[in-house]
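First, one chain by itself in structure tokens, the form predicted alone.
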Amino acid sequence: MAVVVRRLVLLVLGAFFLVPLLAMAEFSTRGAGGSRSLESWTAIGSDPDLVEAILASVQLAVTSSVLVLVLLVPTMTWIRLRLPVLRRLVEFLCLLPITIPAIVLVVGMAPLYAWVDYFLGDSPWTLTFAYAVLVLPFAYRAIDAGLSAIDLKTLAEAARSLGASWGTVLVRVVVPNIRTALIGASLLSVALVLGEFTIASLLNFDTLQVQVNLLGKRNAGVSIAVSLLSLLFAFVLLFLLSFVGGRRGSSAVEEG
């Protein structure tokens, strides 16, 4: 009975996720007279503005992920080892952006971006700072779970007793042991950046979702095709995450 219920639940959940994707694929391949056509998909590569927006969003996803990891991993490690009294304060500050609506963040960031544009130009790359703040709560939770799953203090003290510097401890001891958590934080950051619209639109930057919104007003087929493509990209990243995490778990079991 339990097996039947489990399979039924998986079937319902699979239909819940797959039916909208199939509907998007069906709509994006509609041609004239009810025929099937890949015109909407081939048009993705022929639109220079769309290609530029896709590349900008991918670059922003990468830079935002890297920036958040570079800021959080050393900070959270040092706080757990040396300043545990500040852990609650840092947690509060990192989770604060999730409680603030994106439109409010834009209102606060707009004056700052006037100076950012003045010193660094109006390149979409400058959105990295805004997106780093936006993904901070999700990355923090993923990394915090990874650090909580290991005996960080014992590992750090053992490495230090063998003559390792703090940089070596961080790079060769901490990072390999929380690799899955770092990949999870990166995946969440990439998915959020690729799907973000409000901040980019109100700050007048041309990113993927801004272009999808504009395309939806003049060519719905291409807009749906791009949206489906971005979803499939996120699913592939999720699969790679589970694959890497599974290999990591198997290696740990074999070593044990």
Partner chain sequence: MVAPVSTAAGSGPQAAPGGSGRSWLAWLVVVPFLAYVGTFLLYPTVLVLAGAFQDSSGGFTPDNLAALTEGVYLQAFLRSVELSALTAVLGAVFGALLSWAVASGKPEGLLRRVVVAGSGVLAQFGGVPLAFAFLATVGFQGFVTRFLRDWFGIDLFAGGAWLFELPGLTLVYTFFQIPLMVIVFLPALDGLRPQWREAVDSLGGSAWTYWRHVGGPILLPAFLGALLLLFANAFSAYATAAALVSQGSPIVPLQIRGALTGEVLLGQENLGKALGLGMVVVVAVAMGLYAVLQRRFARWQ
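Numbering follows the first chain given and starts at 1. This structure is a prediction, so every number in the text was calculated from the model and none was measured.
One more form of this protein should be noted, the form predicted in complex with the partner chain, which is absent from this view; the next part is about it.
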- prompt: Ser227: heavy atom within 4.5 Å of the partner chain in the predicted complex?
  reply: yes
- prompt: Heavy atom to heavy atom, is Leu192 within 4.5 Å of the partner chain in the predicted complex?
  reply: yes
query: Are any of the heavy atoms in Ala132 no more than 4.5 Å from a heavy atom of the partner chain in the predicted complex?
result: yes
- prompt: Looking in the predicted complex, any heavy atom of Thr42 within 4.5 Å of the partner chain?
  reply: no
message: Residues Val58, Tyr118 and Gly184 are flagged as a possible site; in the predicted complex, is every one of them within 4.5 Å of the partner chain by some non-hydrogen atom?
response: no
task: Go through 192 to 206 residue by residue and record those having a heavy atom within 4.5 Å of the partner chain in the predicted complex; state none if no residue qualifies.
output: Leu192, Leu194, Gly195, Phe197, Thr198, Ser201, Leu202
